[in-house]
Every structure is written in C-alpha cells, then in structure tokens.
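Next comes just one chain, in structure tokens: the form predicted on its own.
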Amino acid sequence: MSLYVAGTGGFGRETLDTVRAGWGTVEAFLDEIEPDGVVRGVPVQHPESAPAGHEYVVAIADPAVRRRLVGVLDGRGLNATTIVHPRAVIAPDTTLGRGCVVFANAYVSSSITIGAHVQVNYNATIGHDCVVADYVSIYPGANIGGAVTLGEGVTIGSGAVVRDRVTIGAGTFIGAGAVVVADVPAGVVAYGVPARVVRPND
C-alpha cells in the first residue's frame, strides 16, 4: 500500500526518515502551497490529487492545520495510518489511534490511551496511565508524568515537564522548558517555572 505524507516542512521530512527506518516507502508528499516539486527525491503533489484507498499521515505540527487536512484526505477516501520509529518504545496495554507519528527514542509507557493524529517527537516521554486526546503535539524532549490528561489539540513544547496527575485543557500551548505543576485551563498559552498562563491561545 502506498503512503502519502502531508507536509514538506521539517516534521514532514523527519516523518520521511521514520518511514524509511522501518515502515516502508513514501509515494509522495502532499502540499497545498508548493505542489509539483520534489523533496529529498520524493515527488510533491496537491492533497486533492491523492488517490482514494491509499494510506496517509499528516506530518504538520499545527493541530488546527492537521485537523483540516485530515478532513480533506478522509473526504477523498484515504486511510490514516500510524507510523512508529523502530527505536521508539510503546509499552504494553497502550493504544494509539489512527494517524499518529512517534519518532525515534520516544518512550510511551504502559496503560496509556492516545487518540488520533497525535505526534510524539524524538526523546519525548509519556508516563503510565495518561490520556492523550486527538491532535496533541508533544515536542522533542518533553516529559509527561503519569496519569496526565491532555485535551484535544494540546501542544507540549520542547523540554517541557508535566507533573503527574495534571490536566491540560484542549487547545492549550505549553511553552518550551515550562514546568507544569498544576492544572492548566483550555485555550491558553502557559510557560515558565512553574508554568503560568500568559495569554489566550489565538
């Protein structure tokens, strides 16, 4: 089955690396802005030219853009698939939804529920018994404690730390290097040590 990767930016190219490390080959990149090119030897097409029945993954960090492209590709009859690097660890009793991407050296502990189209970057960790909703992005080196709940579309910045049993509301962005020690509401930007809400996430 041919795989299409939506997104030709940094995350898209890293996803290509992950696919080539153990999953298979990429038929084409999909890009709305610069179709008809070639990226690292792979042709680039417009998303609306992707043929039905094939597999895809959206390799774009922005949760809102990811959600929109999922709608486009699902609507065309493609099937989202999950890509896990062979050097990532997925512990027992953990489930990943459709369309997830997990990079090298990520550690996803046991008894975790991960929704659809979630991205776990290299060297990130997720502790036991977490609940991770759809379209979450966990950036490189982030450390999520046990029994944490991440709402839909949450982004955890590079090197951030989230304490055990914290809940972070949907659409919230946690800045790089933040230390989250208490619940964070939905739809905000929070950063610092300890993390504090600084503004709405527009």
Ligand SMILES: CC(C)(COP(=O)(O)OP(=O)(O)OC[C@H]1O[C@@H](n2cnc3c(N)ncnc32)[C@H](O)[C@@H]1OP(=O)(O)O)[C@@H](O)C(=O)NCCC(=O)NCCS
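It should be emphasised that the depicted structure is a prediction, and the values quoted were computed from it without experimental measurement. We number the residues from 1 along the sequence you see.
There is another form of this protein, the form predicted together with the named molecule, and it is not shown here; the text below is about that form.
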Item to check | Stretch in contact in the predicted complex with the named molecule, which is absent here, among 63-71, 29-37, 44-52, 152-160 (heavy atoms within 4.5 Å) | outcome: 152-160
Checklist outcome for this item: As a check of understanding, the residue in 187, 192, 9, 22 with any heavy atom within 4.5 Å of the named molecule in the predicted complex should be identified as 192
Checklist entry - Are any of the heavy atoms in residue 140 no more than 4.5 Å from a heavy atom of the named molecule in the predicted complex? => result yes
Next on the checklist: Is residue 176 part of the interface with the named molecule in the predicted complex - any heavy atom within 4.5 Å?
Outcome noted: yes
